[in-house]
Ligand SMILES: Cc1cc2nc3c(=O)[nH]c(=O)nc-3n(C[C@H](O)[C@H](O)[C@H](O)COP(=O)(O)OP(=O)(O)OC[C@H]3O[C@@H](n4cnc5c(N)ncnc54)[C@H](O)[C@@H]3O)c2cc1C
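Shown next as structure tokens: one chain only, the form predicted on its own.
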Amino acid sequence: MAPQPDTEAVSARKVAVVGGGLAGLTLALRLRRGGHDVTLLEAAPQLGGLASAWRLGPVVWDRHYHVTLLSDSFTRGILRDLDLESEMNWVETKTGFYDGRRLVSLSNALDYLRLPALRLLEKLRLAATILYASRIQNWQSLETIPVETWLTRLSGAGTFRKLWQPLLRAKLGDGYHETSAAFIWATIQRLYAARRTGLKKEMFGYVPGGYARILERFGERLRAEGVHLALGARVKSIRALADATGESRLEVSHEGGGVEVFDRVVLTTTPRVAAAVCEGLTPDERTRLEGVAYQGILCASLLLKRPLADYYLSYLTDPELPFTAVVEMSAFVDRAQFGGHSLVYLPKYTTPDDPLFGESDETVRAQFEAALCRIYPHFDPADVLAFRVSRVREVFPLPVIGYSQRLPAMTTSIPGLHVVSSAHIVNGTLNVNDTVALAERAARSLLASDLREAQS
């Protein structure tokens, strides 16, 4: 657990944490252990946010795909707090690559050399690019360089056109034109983290039972430590008011609980939601919050009678496919976790206004199954035991040029009001580890601020 300020010197405050995803849960735990009276307000009927679980036929598993790396120290720290880290299963996985004609392995250096889409010189430049990016420390300098310019200069126009561009478009859509080189740097840095600590290879881990079990344990731990969990409590408004002593406090109106007053409120929602519910923000604060552009995701979960392949992740560079990757969780997680079946995710990253969000599950299923038949000739739609679609219009912020300079501050002009969202992950990618790391950093800052006020 991260070291905390001396809680005996900090006077307890009534604190609301808005949002029950991993960031909100981590903040609630740390602020409670820091001596505060904490209430967590979550709009959904269950905890987890993007990490929440759901039922797919007879199986309960994660609504979106997640994986823990050996180098994910912040995720492992939380799991240690929950007495779950020792139960993790660690697996070496394989990666696939589909260029529109065939699916091949891309799991090691030899596979890269065999990659049919690139010529030998292009492969060598690709390897050099990845190695060079893994050794860069000053990510801020990359924020001023378009990712297309940077990758083309290092890897060459051919490698960019055949490999990097399709992969960037799959994740960022046309937004890749506005994206900085810091995005690809952060991706490579995470994958190379284990090698920098001396490990020969990166292993992927999971907790048996998935995030359903993690979130259940997290909720139990928070309740046991005195955090009040209010589910189905969508926040409608937050405004400053002065109490009888003249001290500034925050009035929070939410569904299911009326109005409550807190000394401090920490929102872990997206910036757009924060801008909508917070009254009294300055024009600059509101502009910055509303100006963060997000990518959304439409992610289909399929439970299959038999596996598609033995690759955990398959990259797709065919722009005609309706999804942007194939994630076969059962190539990584023991199939016994899924009743002996195979679990596959088919994500489609896209803009929040994409008409695809309005398509029915039946339409999405027909398109996605037809595409699977192209990639896997042995795939039979009759093998699909369950099919379910998750739609989230705002998942991660586009890391545009100069992104860190455009961000809203986490501490607002309204006394006691803070915004800690995925938009504040400026030198990483959106994953559980970076989310928890952000929450840990914010909690330390808030508790240190309390200590300074108590000593002044």
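As the structure is a computational prediction, the values presented were derived from the model and not from experiment. Start at 1 with the first residue shown and count on from there.
One more form of this protein, predicted in complex with the ligand, exists but is not displayed; see below.
Remark: L41 counts among the residues lining the ligand in the model of the complex, judged by a heavy atom distance of 4.5 Å or less. In the model of the complex, none of the heavy atoms of I214 sits within 4.5 Å of a heavy atom of the ligand. The ligand is not drawn, but in the model of the complex it has a heavy atom within 4.5 Å of Y349. The closest non-hydrogen atom of R190 lies within 4.5 Å of the ligand in the model of the complex. Note that among 362 to 370, 302 to 310, 101 to 109, 226 to 234, the stretch whose heavy atoms approach the ligand to within 4.5 Å in the model of the complex is 226 to 234. Contact annotation: of the candidates A240, L222, L124, V273, the single residue with a non-hydrogen atom within 4.5 angstroms of the ligand in the model of the complex is V273. This chain is drawn without the ligand; in the model of the complex, the residue among T269, S314, T324, S155 with a heavy atom within 4.5 Å of it is T269. Shown here without the ligand, the chain has G48, G49, L50, A51, H64, Y65, H66, V67 in 47 to 80 lying with a heavy atom within 4.5 Å of that partner in the model of the complex.
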